[in-house]
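For reference, the chain that follows is the form predicted alone, supplied as structure tokens.
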């Protein structure tokens, strides 16, 4: 659980550096448009550009490759899986074939190219989201969402989910320590059984905690909304300059992606 706790901690976003000091609405504008370009790209160049630039920018604020790698393990695994599936089921030009457990498998060039494009879109999009999460706190994101007239219910759900995520992790750590002290992970069979019990108990305790929290809030007069009481300050000249610069950069990348490749 230490790895999971390290991954979800947002202490990086509370640091004081040039990226965290950028106005949250500017960052959301850049990330949002960049994600649209990343998804709609027909070539691997644009996703790789977003991946490389985001990685370089994060390294300027001393984000280690270990921290990035921990957050990229799952997306990279899904990306490789997608690429292999596409290579096995699409195309005609065989580049690699073999036998696995009695089945004839063949990777085809056309499918691998399609899978490679999807893989680069996954890594490029995830790196853009990491750029946002490493440099922006959840409270600022919620304030920007409120400024953009996002429904208050969605902001409320986001705030509560993020708040109780850490309580869920602490509850999981406590239960795993209890299982470990009773040799619940001594063998493979016991490990599977312990994980099953852990998942069921976590679900039950999450429901009970949610009901108790709701009852406590209602008893104090809460009827929904009003999660945020702090408003974002108006954009200043520097913010507009940053917004214009990011818009020009995205327009240039859009031109390269759709007209030059």
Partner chain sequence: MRYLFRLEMFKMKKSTLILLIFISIITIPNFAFGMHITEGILPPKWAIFWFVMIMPFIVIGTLKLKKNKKEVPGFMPLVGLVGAAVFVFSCFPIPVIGLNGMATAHPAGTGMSAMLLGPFVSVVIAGIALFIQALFLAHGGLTTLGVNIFSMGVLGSFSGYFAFRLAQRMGMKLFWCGFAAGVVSDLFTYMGTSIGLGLLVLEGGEAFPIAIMNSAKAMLEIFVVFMTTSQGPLCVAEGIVVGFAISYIYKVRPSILQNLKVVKVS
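Being a predicted model, the structure only gives us computed values, none of them experimental. Positions refer to the first chain, counted from 1. By rigid core we mean the largest C-alpha set that fits within 1.5 Å across both forms.
Not pictured, yet referred to below: the form predicted in complex with its partner chain.
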Quiz item: Ok, 232, 70, 48, 57: which has a heavy atom sitting within 4.5 Å of its partner chain in the predicted complex?
Solution: 70
Quiz prompt | Three-residue site 121, 202 and 206 fully in contact with its partner chain in the predicted complex at 4.5 Å by heavy atom | solution = yes
Quiz item: Can you check whether residue 44 is within 4.5 Å of its partner chain in the predicted complex, heavy atom basis?
Solution: no
Exercise. With heavy atoms only and a cut-off of 4.5 Å, decide whether residue 147 touches its partner chain in the predicted complex.
Key: no
Quiz prompt | Heavy atom of residue 161 within 4.5 Å of its partner chain in the predicted complex | solution = yes
Quiz prompt | Proximity of residue 196 to its partner chain in the predicted complex, heavy atoms at 4.5 Å | solution = yes
Quiz item: Taking heavy atoms and a 4.5 Å limit, what residues of 151-168 are near its partner chain in the predicted complex?
Solution: 151, 153, 154, 156, 157, 158, 160, 161, 162, 164, 165, 168
Quiz item: With both forms fit on the core, is the shift of the CA atom of residue 194 between this form and the one not shown 2 Å or larger?
Solution: yes
Quiz item: So with the core overlaid, does the Cα of residue 126 end up 2 Å or more away between this form and the one not shown?
Solution: no
Self-check item: Large Cα move at residue 147 between this form and the one not shown, threshold 2 Å, rigid core
Solution: no
